[in-house]
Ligand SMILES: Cc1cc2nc3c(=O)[nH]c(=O)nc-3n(C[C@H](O)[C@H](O)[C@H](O)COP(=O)(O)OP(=O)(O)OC[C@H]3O[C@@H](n4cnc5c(N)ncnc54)[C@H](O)[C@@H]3O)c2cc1C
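As structure tokens, one chain now follows by itself in the form predicted on its own.
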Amino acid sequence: MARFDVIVVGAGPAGAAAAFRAARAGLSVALVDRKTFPRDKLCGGLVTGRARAHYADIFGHPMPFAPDERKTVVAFHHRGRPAGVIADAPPLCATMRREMDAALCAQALGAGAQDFTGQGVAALDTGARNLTLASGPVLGYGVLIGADGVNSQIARALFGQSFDRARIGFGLEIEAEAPHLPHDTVRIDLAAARWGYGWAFPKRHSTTIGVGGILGKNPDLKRAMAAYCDLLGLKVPEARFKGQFLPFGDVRARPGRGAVLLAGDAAGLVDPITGEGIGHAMASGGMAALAAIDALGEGQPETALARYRAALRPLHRDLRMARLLRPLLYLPATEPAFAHAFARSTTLRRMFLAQMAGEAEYSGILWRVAARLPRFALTMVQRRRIEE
């Protein structure tokens, strides 16, 4: 049996960040993924300033993008009506996950992680600290980092399920040729789905179009997606829609157990309002690696989770604030007032973009929004009567 200081399962943004940082620190690292890279990944692929900052911190250089991938115009809509345009937004980069994830994985392997991509996990034994690959080999670990996405096999092995169906989100998406849509503009349509939104992100060779929201509140998301495509002037057969669960605010308060850590989507680290997950994935992968480095350095791998949870506290706090704010956007009693305030206030729109850029936190946004809504909405926030 081959033994490694760290085994990372999942080679997307969270896993690649974890494997890179651990390997650069001199640890022996195995990088496992059931897919080979490049591979397709359902995702809007919008990389925020927050994500780029985490990338630079972990990988040591700016995240590379072609000039035509950078977008600084964001057009907001609400139920099909214009809700304001920001023409000088902090840059958002529209990328294809197939290309981006392959580059991230290559950097992790280049840093010294051993390549086990294209191999699934057949079994996990947390007591013996080893996992068995579907192809047969058994790998031992000091610390295991599960970065294997929303359908995490590692989370399922620890907790019996990968996510809570009562809280999970779901998204539908297509890659479409849409030359009639502005190529320099990111479009966000609030309430295109219930408790969610729609998006149109122009890329180099296509436009990524999708809708997403809380699964339990969208029994017919395909109809919402079809209506959104019609709104954008596209006729797309429903058979072309691709779907994926989204941990849309389903944050795991306990992201692992002992020497097993969960990062990225596997830990539910997705913004409940914007749906951003790439930046949080890289940040949490980097934090998990640091927790592993410190725990193994002291010969106490079982302390990795406590270290990791301490590092995650600010992010968990901000995501809780986002969950507190989300009902104000989507409850029938408050949505009209929020939409009116958002359309009239350039300040509110800029605050949301600043949050995506990593320049603001939800705690400041929460009270600014609540102050603009009716008194009962403020009371609802203060009492934390969240209806989800």
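One-based numbering along the sequence shown. Predicted model, so just to flag it, every value in this text is computed and none were measured.
Not pictured, yet referred to below: the form predicted in complex with this ligand.
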Item to check | Phe342, heavy atom within 4.5 angstroms of this ligand in the predicted complex | outcome: no
Next on the checklist: Within 4.5 Å, heavy atoms only: does Leu46 come near this ligand in the predicted complex?
Outcome noted: yes
Checklist entry - With the cut-off set at 4.5 Å between non-hydrogen atoms, does Val121 touch this ligand in the predicted complex? => result yes
Checklist entry - Applying a 4.5 Å heavy atom distance criterion, does Phe37 contact this ligand in the predicted complex? => result yes
Next on the checklist: Taking 4.5 angstroms as the heavy atom distance cut-off, pick the stretch from 287 to 295, 233 to 241, 186 to 194, 169 to 177 that is near this ligand in the predicted complex.
Outcome noted: 169 to 177
Checklist outcome for this item: Picking from Met225, Leu246, Ala113, Ala304, the single residue whose non-hydrogen atoms come within 4.5 angstroms of this ligand in the predicted complex is Leu246
Item to check | Arg129, Pro255 and Gln300 each touching this ligand in the predicted complex (heavy atom, 4.5 Å) | outcome: no
Checklist entry - Who in 8 to 47 is close to this ligand in the predicted complex, meaning a heavy atom within 4.5 Å? => result Val9, Gly10, Ala11, Gly12, Pro13, Ala14, Gly15, Val32, Asp33, Arg34, Lys35, Phe37, Arg39, Lys41, Leu42, Cys43, Gly44, Gly45, Leu46
